[in-house]
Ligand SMILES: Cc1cc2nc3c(=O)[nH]c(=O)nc-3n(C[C@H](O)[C@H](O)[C@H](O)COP(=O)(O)OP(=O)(O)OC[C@H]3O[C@@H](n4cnc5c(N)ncnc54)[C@H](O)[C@@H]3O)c2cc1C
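One chain is shown next in C-alpha cells, namely the form predicted alone.
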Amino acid sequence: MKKIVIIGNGITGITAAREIRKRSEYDITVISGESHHHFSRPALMYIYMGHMRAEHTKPYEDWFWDKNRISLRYGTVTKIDFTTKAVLLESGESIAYDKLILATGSKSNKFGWKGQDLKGVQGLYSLQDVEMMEENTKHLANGRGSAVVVGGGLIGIEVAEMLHSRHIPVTFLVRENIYWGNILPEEEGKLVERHIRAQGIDLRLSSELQEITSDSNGRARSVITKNGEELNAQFVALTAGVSPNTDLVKGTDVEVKRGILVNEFLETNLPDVYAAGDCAELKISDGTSKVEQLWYTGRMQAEALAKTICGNRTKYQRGIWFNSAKFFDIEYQTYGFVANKVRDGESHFYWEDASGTKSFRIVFQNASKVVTGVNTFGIRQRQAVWQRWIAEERKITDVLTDLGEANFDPEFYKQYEPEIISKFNQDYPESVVTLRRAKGLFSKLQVKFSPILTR
C-alpha cells in the first residue's frame, strides 16, 4: 500500500487527504506542528474576540479521522531525506513516504525593522500567533495601553478589529495614500477608509514604520514612523503581508524561488514530491510564476493534486478569480478581474449608496460589452452566478437585466438592484436596462408597503 505523507494540516493539506481517501486505500499521514487537529484559519480572529472557542473552529468531529483512516500526527518536521524518502520529526521519529505533499502554508513578513523582535511585537497567521496575541495584549484592554498595526492588507484590518473589540486604542499605519490602493480602485479604498475611521481607528495613510522602541524590560514601548512621529504602542502587529513558508526545503535539491516551484500538476522538480497552497509558486507557460495565497485556491489545488496522486494526472485550473473579505462589518466580494485603475479598452461602472457603506462596480470591455469583473461592498452576491456569467462572457446589459439573480439575501435584506440600474441608465443612456425581476419578500413588501418602510 502506498504511503502518502502530507506536511501541513491547513485547508490544502486536509483537502488533499480527504480527496485521496475518496479515491484510494492509500496509507495517509498528515503532520502538523501547529495544532493537533485541522481548524478553520479564517475563524482564528473570532477566538480572540470571544465569539468562538478554539474547539468550535474544527470543521470535522474528532471521530472523522479514524473513520476515514487519516492519521493526524502532531509534531515538527526538522528534515526531509529525499534520497531515502523519509520525513524526520523533532522527536527523532522517521516516517517513510512513497509520495510527499508539502502544504506548509505562509509566514508573516518582517523587513528587518529595528525592534521587530521585541516582546509585544508579532504577526498573525497561526494558532500560536493568536495565543501569543492573547498574552501580549491581556494587560492593555479597556484603554490601559495602545497598539499600532503596521500594514493595511486583509490581516491588518482583522487585527485592528480584534484589538478594537477589547477597547484597545489602535493606530493603523498604511504605506499607500489610499487604503489597499494596490488592489482597490480609489472609490472603494475611500469607502473602506471612512468605515475604518468610523469605528474609532486612527488610520494613518502614507505612513511607514521606521523603528520600534523598547522599555527597560525589552517590551515594545513606542513606534517611530518615517515621518519622525512617535506613537505610544505597547503592542505592535506586523501585518505587511505573508510569504510562502519554504524553510523546510531551503538548502535542499527542491527548486525554490519565492515559493516552492511547481508545474501545472503541482509537481516539484523532485520525483514524488509535490507542493500546493500558500507555499507553492506556480510556473506559468509564459516563463513567469505566481503565488496564490487564498483559501479557495489552496482547496482547488489540493483537489487537482489528489487526482494526480491517485493516478489521474490532472492540471490545476483555477477558473474564474474569486475572493472575499470583511472590513469590520462590510463584506467585500470580487469576481473576475477588477484593476485598481481603468485599463485601456475597458469601462468601469460604479454605484455607491447614500450611506457610503455599500457599492457595486462592474468592469466590461468597450468593444464587446462583455463583463470581465465585479466588486461589491456590503451587498452579498452568489458566487456561482457571477462565475457563470463571467465564464459565459455575458454582456453588461444582460447581466444588469438579471442582476437580482445574483443577490444572496433577497428574502431578508434590502435590495439595491433598482438603484444600481437607475444609475447605470443615467450614465449610459444609449444602453438603457430594465431589471427583469426583483427577488425576495422584501422587494414585494417594498412595492406594497413602501410608505411604511420608508418612514
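Just so it is clear, the model here is predicted, and its values are computed rather than measured. In case it trips you up, residue 1 is the first one in the sequence shown, and so on.
Missing here is the form predicted in complex with the ligand; even so, the following discussion is about that form.
Listed residues G259, G105, G120, G151 were compared with the ligand in the model of the complex; G105 is the one with a heavy atom within 4.5 Å.
This chain lacks the partner; the member of I320, A86, L294, A198 within 4.5 angstroms of the ligand in the model of the complex by a non-hydrogen atom is L294. Contact with the ligand, judged by heavy atoms within 4.5 Å in the model of the complex, is confined among 426 to 434, 55 to 63, 393 to 401, 41 to 49 to 41 to 49. For the three marked residues, E187, Q333 and E352, no heavy atom of any sits within 4.5 Å of the ligand in the model of the complex. The ligand is not drawn, but in the model of the complex it has no heavy atom within 4.5 Å of F364. At a distance threshold of 4.5 angstroms between non-hydrogen atoms, S91 is out of contact with the ligand in the model of the complex.
Contact check for I155: a heavy atom falls within 4.5 Å of the ligand in the model of the complex. Taking non-hydrogen atoms only, A17 never approaches the ligand to within 4.5 angstroms in the model of the complex. For the stretch 4 to 27, the set of residues having any non-hydrogen atom within 4.5 angstroms of the ligand in the model of the complex comprises I7, G8, N9, G10, I11, T12, G13, in sequence order.
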